[in-house]
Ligand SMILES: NC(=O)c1ccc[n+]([C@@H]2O[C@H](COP(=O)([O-])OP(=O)(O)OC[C@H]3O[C@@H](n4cnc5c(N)ncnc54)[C@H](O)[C@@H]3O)[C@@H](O)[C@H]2O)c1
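Here's a solo chain for you in structure tokens, the form predicted on its own.
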């Protein structure tokens, strides 16, 4: 089988699941090299996953065996490093978000298109069994035309579990830029692009106390809103309420609900590929489980990278496209801007709704 060479840039916490899947599970890819500012981390991951080369970024960009760079660095590095890789002629798939503002995200898309390169961005959980099942339910018309819905992500923050949580509270962090992409990419897969929104935000505390190791007891400043609410209008006509928060001790809210002219759909946590899909049609009195008829029900992060590799080999547009990710960045930025400027924000960007996944990649 033909494969596409991958170079992994960044060997932090998230790299384990990507390297595990890309070296053993997904076809069409071969991980050629890893790179990290901390060479010790890079060498440890190379040894753990049987990867032959540990390179500097300059060496990775010059390596002709590498056609896709997988950017797993921290959010503030996504734009400059993705830009550098694109300008060096590499296709790029990056962790979310694509950039910290829409201007930079749109620039990355333009560079890729001008150079004839592919650009993709996490999250790719919408490739998962539950989300493809939900897409099939909606496309089949089981709940009619989607009119409204709710999407919620609420917890108490990252300082009690992440070993180095400061970046969650710096510019580019916060609940919207951290977890918002999961809600948005899955909604985009189901409903297509949005065209306008209102947003409001607040901040629970001016500093946070780290209780995880190894920085337990350290206080970190909070630079961003930590509770954001919005009302998003989709081009399809659907109106979706969204809340993203690091200021909730506990919640009983659903992850995502969608309501249509003929029924309602209750969906699982968009941070995951699997979970129950529940349907209640007109005339029913309770939720009923929908049979999950698609692959990828466990943690198959890296599906978007494999999809990009398949596009390079056989043609096509990556489902987790740069334009969809840029649209997510505009939505996230606009949720903050709307409250800052006390106005409705009309969105400028759009994208082509990703094609449903037919079987395995």
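Numbering follows the first chain given and starts at 1. Treat the numbers as computed from the prediction; the structure is a model and nothing was measured.
There is another form of the same protein, the form predicted in complex with this ligand; it is not shown, and what comes next is about it.
Shown here without its partner, the chain carries 135, 143 and 277, none of which come within 4.5 Å of this ligand in the predicted complex through any heavy atom.
Exactly one of the stretches 246-254, 222-230, 203-211, 155-163 approaches this ligand in the predicted complex with heavy atoms within 4.5 Å, and it is 155-163. Using a 4.5 angstroms limit between non-hydrogen atoms, residue 67 is distant from this ligand in the predicted complex. The closest non-hydrogen atom of residue 268 lies beyond 4.5 Å of this ligand in the predicted complex. Taking non-hydrogen atoms only, residue 41 approaches this ligand to within 4.5 angstroms in the predicted complex. Remark: residue 333 does not count among the residues lining this ligand in the predicted complex, judged by a heavy atom distance of 4.5 Å or less. Of the residues 24, 352, 346, 13, just one reaches this ligand in the predicted complex with a heavy atom at 4.5 Å or closer; this is 13. When this ligand is considered in the predicted complex, only one residue from 193, 149, 75, 175 comes within 4.5 Å through any heavy atom, namely 75. Of the residues in 89-114, those that come within 4.5 Å of this ligand in the predicted complex through at least one heavy atom are, in sequence order, 95, 96.
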